[in-house]
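Read the single chain below, which is given as structure tokens and is the form predicted alone.
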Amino acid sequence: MSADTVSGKIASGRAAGQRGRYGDLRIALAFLIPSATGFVVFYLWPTLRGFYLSLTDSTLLGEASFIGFDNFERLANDPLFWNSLRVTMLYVVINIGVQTVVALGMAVLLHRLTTSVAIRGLVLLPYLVANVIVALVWFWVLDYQLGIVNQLIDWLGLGRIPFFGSENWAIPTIALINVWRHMGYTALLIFAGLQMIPKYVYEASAIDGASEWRTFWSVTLPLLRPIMALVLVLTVIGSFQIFDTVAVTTSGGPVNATRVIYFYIFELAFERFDFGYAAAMSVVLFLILGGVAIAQLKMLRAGESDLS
């Protein structure tokens, strides 16, 4: 075979390889473009637009003027903003604290006591009900006059509890309602993490004579750290976005006791049409959530596993 023939075959092979790569690129773009378009239209553009509006006095009803950082200065001196931030933090602490403990317990019980897919699926049922429906049902169940819970408390000879009408009870009640709805979903995420722990780790622990409690604290919990980091980041971000349960049950009352930051932003934007100021508050919330998520991932060393 001559050198020219060999060179021709090599060039032909390279050309075929390039055509194959271009073909793969076209197929990849065909799959990526719809998702990328949706991301740009529904996420990237609204985010950039929100950053711009936060620097204007937009009311959605007239021409907006650029006012620099005036909205952020106003926000720093707004007592309702600081109150909404405090209320939101209280809600997040109660919701995440109770939900994480309950979901972790449920996940361990599901992992150790049953292999039934039906039982594991049952814990997800509250999560499948819409937030508004859950809020309405619990609003009726906990009603001060007609709710079955207060009827039972009254029958026991105890004083009725104004679950949604008391400044002290309102935000814990809303937090526990959302714990009830989300704990099954959180439990299944943790359960997936438990499934990834090798059985030989538990066998070695049993051979060493470790008790169930010691095994949980020294083996299960440390090996769950990556999935717990993910769960905490997701649940904290979700908790900061609490809105519908507040809107259905208390509308921010009594006396601003449940006026969480999302509800306050909604009021500013769509009831008072103070859109620029609401956008500034959204930007601050975005920065807070980003900082919290990064801090959680760093503190929990989410990218590391004790199994490696």
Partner chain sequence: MTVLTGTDRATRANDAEPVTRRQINWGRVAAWTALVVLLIVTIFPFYWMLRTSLSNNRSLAAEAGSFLPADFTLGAFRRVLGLATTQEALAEGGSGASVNFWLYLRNSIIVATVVTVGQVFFCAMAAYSFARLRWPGRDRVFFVFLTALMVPPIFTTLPNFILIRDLGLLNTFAGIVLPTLLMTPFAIFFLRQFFLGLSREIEEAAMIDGAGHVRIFFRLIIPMSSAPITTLAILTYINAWNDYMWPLLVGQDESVRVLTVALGVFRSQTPQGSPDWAGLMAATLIAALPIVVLFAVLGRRVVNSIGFSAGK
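Residue numbers count along the first chain shown, from 1. On a predicted model such as this, the values are computed, not experimentally measured, just so you know. By rigid core we mean the largest C-alpha set that fits within 1.5 Å across both forms.
The following text describes the form predicted together with the partner chain, which does not appear among the structures shown.
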Checklist entry - Where, among 165-173, 178-186, 217-225, 82-90, do residues come within 4.5 Å of the partner chain in the predicted bound form by heavy atom distance? => result 178-186
Next on the checklist: Can you tell me whether residue 36 touches the partner chain? I mean in the predicted bound form, with a 4.5 angstroms heavy atom cut-off.
Outcome noted: yes
Item to check | Contact flag, residue 25 vs the partner chain in the predicted bound form, heavy atom cut 4.5 Å | outcome: yes
Item to check | Proximity of residue 229 to the partner chain in the predicted bound form, heavy atoms at 4.5 Å | outcome: no
Next on the checklist: Taking any heavy atom pair closer than or equal to 4.5 Å as contact, tell me whether residue 68 reaches the partner chain in the predicted bound form.
Outcome noted: no
Checklist entry - Can you name the residues of 97-132 that have a heavy atom within 4.5 Å of the partner chain in the predicted bound form? => result 102, 106, 109, 110, 112, 113, 114, 117, 119, 120, 121, 122, 123, 124, 125, 126, 128, 129, 130, 132
Checklist entry - Superposing on the rigid core, do we see a C-alpha displacement of 2 Å or more at residue 39 between this form and the one not shown? => result yes
Checklist entry - Core-aligned, does residue 155 move its Cα 2 Å or more between this form and the one not shown? => result yes
